[in-house]
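One chain comes next, on its own, written as structure tokens: the form predicted on its own.
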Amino acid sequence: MQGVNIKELTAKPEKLASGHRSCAGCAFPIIVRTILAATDDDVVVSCATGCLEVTTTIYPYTSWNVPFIHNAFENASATLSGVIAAYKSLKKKGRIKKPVKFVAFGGDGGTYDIGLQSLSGALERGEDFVYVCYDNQAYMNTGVQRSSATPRRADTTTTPVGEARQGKIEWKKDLTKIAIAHNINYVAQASPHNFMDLLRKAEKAFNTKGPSVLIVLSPCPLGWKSQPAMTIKIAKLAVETNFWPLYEYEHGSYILNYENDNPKPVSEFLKTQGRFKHLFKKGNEMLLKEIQDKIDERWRQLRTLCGKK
């Protein structure tokens, strides 16, 4: 990583304090702390309604040690666009002289679905900010309903497993490629299990002119029906099975961050979570195969984009 001494990170003041009310094993506190540690500049945060906002801002308390704006589910990017416009005006008038970074956080509901229009507009306008999606793959804050980030065959409260169907039938939306399609300079997928990779990508995002997008896998013990102590191991398995490849798109080039020539079968990742337990029942072998085939296909496509044979 450039510019940050890893040994000095522990001496930095926490921009997200402990004492919040996220669930045991939740990944987003790790994600948020890591990303905010990647810059020494002042930071303004906007946050879409969701798990992160609810658990860190229960009135009259807050866990945020930086300026923090809670906005509606759908407009984190638009809200921050207004803040950036105000900053530019005050800087032009000489009332603000120091550099300020701007970052928006949203879950997959507030990013893949409800907030996509707001995000797309900010990316198209070229707003100079970092957008972070902590991707826990469902509407966890409101009862574990499916979102377009929910993987195929996952069991949720709105795609329950039963006689009619075996979980969600649609494939997960590829938000990373949607962000890349806006012709911005930096987009990356990351995972909380690889601290240095996430830290490096966050620093790069903050230092890239114009909008940058980080999409970080965020295992959710409640919605994934997994053991809280397994969160980091599950995130690592997601990468080792190619369910969640680590890669970057930087100034027009795709860069593969984890060379995985001998991936583990995706079943190693799926079996850690109760939302997929029905896939391991007798007679559902083809459901597992279709998921494995899709992952293999997408991995080949990604390797091609990254210039690999």
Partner chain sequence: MKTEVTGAQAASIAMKHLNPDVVSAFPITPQTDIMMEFGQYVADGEVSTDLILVESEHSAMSAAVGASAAGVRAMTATSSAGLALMFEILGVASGSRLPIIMNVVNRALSSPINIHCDHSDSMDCRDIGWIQLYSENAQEVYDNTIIGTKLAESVKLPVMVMQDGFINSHCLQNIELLEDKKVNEFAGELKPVNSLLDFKKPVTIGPLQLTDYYFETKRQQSEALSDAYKDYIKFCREFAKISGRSYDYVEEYKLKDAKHIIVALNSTCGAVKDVVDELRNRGEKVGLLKIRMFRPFPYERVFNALKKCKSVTVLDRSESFGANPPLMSEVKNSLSSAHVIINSVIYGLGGREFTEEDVKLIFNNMIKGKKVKHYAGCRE
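Residue numbers count along the first chain shown, from 1. A quick note: this is a predicted structure, and the numbers were derived from the prediction, not measured.
Heads up, the form predicted in complex with its partner chain isn't pictured, but that's what we're talking about next.
Only one of 243-251, 57-65, 278-286, 32-40 gets a heavy atom within 4.5 Å of its partner chain in the predicted bound form; which is it? Only one stretch qualifies here: 57-65.
Could you work out which of V83, L175, V144, L217 is the residue within 4.5 angstroms of its partner chain in the predicted bound form, going by heavy atoms? Selected residue: V83.
Report the residue, out of Q189, Q166, N71, T231, that has at least one non-hydrogen atom within 4.5 angstroms of its partner chain in the predicted bound form. Selected option: N71.
When the contact criterion is heavy atoms within 4.5 Å, does Y87 count as touching its partner chain in the predicted bound form? Within the cut-off, so yes.
So, in the predicted bound form, is R125 in contact with its partner chain at a 4.5 angstroms heavy atom limit? R125: yes, in contact with its partner chain in the predicted bound form.
Indicate whether its partner chain has at least one heavy atom within 4.5 Å of a heavy atom of I180 in the predicted bound form. No, I180 sits far enough from its partner chain in the predicted bound form that none of its heavy atoms falls within 4.5 Å.
At the 4.5 Å heavy atom threshold, is Y112 in contact with its partner chain in the predicted bound form? Taking the distances in the predicted bound form, the answer for Y112 is no, it never comes within 4.5 Å of its partner chain.
For a quick check, can you give me the residues of 90-127 that have a heavy atom within 4.5 Å of its partner chain in the predicted bound form? Read in sequence order, the residues that approach its partner chain (within 4.5 Å, in the predicted bound form) are L90, K92, K93, R95, I96, V100, F102, Q117, S118, G121, R125, E127.
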